[in-house]
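Listed next as structure tokens is one chain, alone, in the form predicted alone.
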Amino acid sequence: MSTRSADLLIVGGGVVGLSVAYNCAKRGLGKITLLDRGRIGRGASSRNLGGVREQFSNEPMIRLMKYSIDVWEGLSKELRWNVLFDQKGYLMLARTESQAEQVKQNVRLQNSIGVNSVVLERDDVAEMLPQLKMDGVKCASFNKRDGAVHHDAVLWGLERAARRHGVEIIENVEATKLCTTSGRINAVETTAGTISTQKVINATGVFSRDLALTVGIDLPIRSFRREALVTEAYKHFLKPVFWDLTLGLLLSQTLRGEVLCDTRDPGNEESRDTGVSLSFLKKLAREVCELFPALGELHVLRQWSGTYDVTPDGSPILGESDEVSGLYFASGFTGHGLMVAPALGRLYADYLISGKKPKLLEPFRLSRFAEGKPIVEPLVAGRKIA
């Protein structure tokens, strides 16, 4: 690849990068190039369970996800491609008094912002999930606007739409260095040559910190491994996405009846490894069988792992760098990148065209850590809630 130029270079071909590329191209931003070190969507975007929810514990994320679900609801029609968004609801199960108070507090906050989540008492949970063993259940929160999408369908739809609007997509080429002049981005060096540009979006997930360090910016992002599996098809028994806050166990049943599962595994320390482990399989099998005994005979079809780009407060880093003009961050999603991607696509298009940062993005600035204004999110898969 010889030296080339772009009005906007997006580094990272996951769902966030694709959404931004598509929306910017649709709005006529100019020549847009999207670069990925491997295949489009091969990272976290194709290794998740597809959950989408408004149920967060802090106001900025609730507002961002409220807008994102608004976009999700019309995305299939917009892309002319079915992303399989199933608004079947999301149930968060509390087993301790502190968890019960947390979900009730969350529901009060969500309601105050216009999110119609509700508290389900023990009997309501039993009615919704008759196969669930109710030992120790206190209550749950539930939102019928939440649900799940099929990650591959989302990736394919966004990629097709981006290409249709003229986005140049380059696969199997890695961005190795950000280049600046007088504190401003002017090019990106890659394994196949240099791309001159004055605007770069760093959407490289667990590699975001590496890329930012090439211009001396140390993003507070660490990589954590998270495993999951899918079973053979089973009769439909689980309408909502189910999350046990004590165990960190998440279950979601696909339209075909397979059961998608993941759980918190203390053995998955900070790592970029994407192998699988027997310890995870044993722990998950034990937890699933304890909660849903009827699933004990199901065969596992596939087990895999992926990585979370995790920030200290569990919330993403969004917006332009204060140190390097023209460098924008879209990283640190801590497992929530797919959920917010449709909103971020539109918001970044507005941002880059108008030059004015949208209010929904402002709280997620990198400087919040130095300012002592973290956006703490305890409802993060893999993080223990007392």
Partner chain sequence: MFDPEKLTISRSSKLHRPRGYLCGTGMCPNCMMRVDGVPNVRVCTLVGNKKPRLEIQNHIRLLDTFRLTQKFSGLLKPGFQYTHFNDSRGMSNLFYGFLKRFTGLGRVATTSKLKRSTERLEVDNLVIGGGVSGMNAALKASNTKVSPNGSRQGSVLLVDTYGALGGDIVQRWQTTMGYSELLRTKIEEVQAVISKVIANERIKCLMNTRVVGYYKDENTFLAISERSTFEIRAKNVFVASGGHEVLPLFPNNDSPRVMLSLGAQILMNQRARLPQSAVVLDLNGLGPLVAADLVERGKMSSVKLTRTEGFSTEEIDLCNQRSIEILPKSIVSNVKNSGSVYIKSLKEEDQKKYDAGLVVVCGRYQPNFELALQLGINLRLVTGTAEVRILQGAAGVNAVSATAVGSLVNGSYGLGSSSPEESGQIIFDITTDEYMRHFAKSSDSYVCLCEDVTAKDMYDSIEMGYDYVESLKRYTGCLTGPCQGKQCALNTASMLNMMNPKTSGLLTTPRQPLYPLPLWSVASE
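Numbering follows the first chain given and starts at 1. As the structure is a computational prediction, the values presented were derived from the model and not from experiment.
Same protein, other form: the form predicted in complex with the partner chain, not shown, and the subject of what follows.
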| property | result |
| --- | --- |
| Single option in Val118, Ile113, Met134, Leu301 placed near the partner chain in the predicted complex, where near means a heavy atom within 4.5 Å | Leu301 |
| Contact residue in the predicted complex, chosen from Val173, Ala126, Leu295, Ile217 - any heavy atom within 4.5 Å of the partner chain | Leu295 |
| Among 81-89, 173-181, 198-206, 103-111, the region lying within 4.5 Å of the partner chain in the predicted complex by heavy atom distance | 81-89 |
| Ile221: touches the partner chain in the predicted complex, heavy atom cutoff 4.5 angstroms | no |
| Partner proximity in the predicted complex: Glu232 to the partner chain, non-hydrogen atom cutoff 4.5 Å | yes |
| Exercise: Ala192 in contact with the partner chain in the predicted complex, heavy atom 4.5 Å | no |
| Close approach of Val310 to the partner chain in the predicted complex, 4.5 Å, heavy atom | no |
| Heavy atom distance at most 4.5 Å to the partner chain in the predicted complex, all of Glu97, Trp243 and Phe364 | no |
| Any residue of 19-57 that, in the predicted complex, places a heavy atom within 4.5 Å of the partner chain | Arg39, Arg42, Ser46, Arg47 |
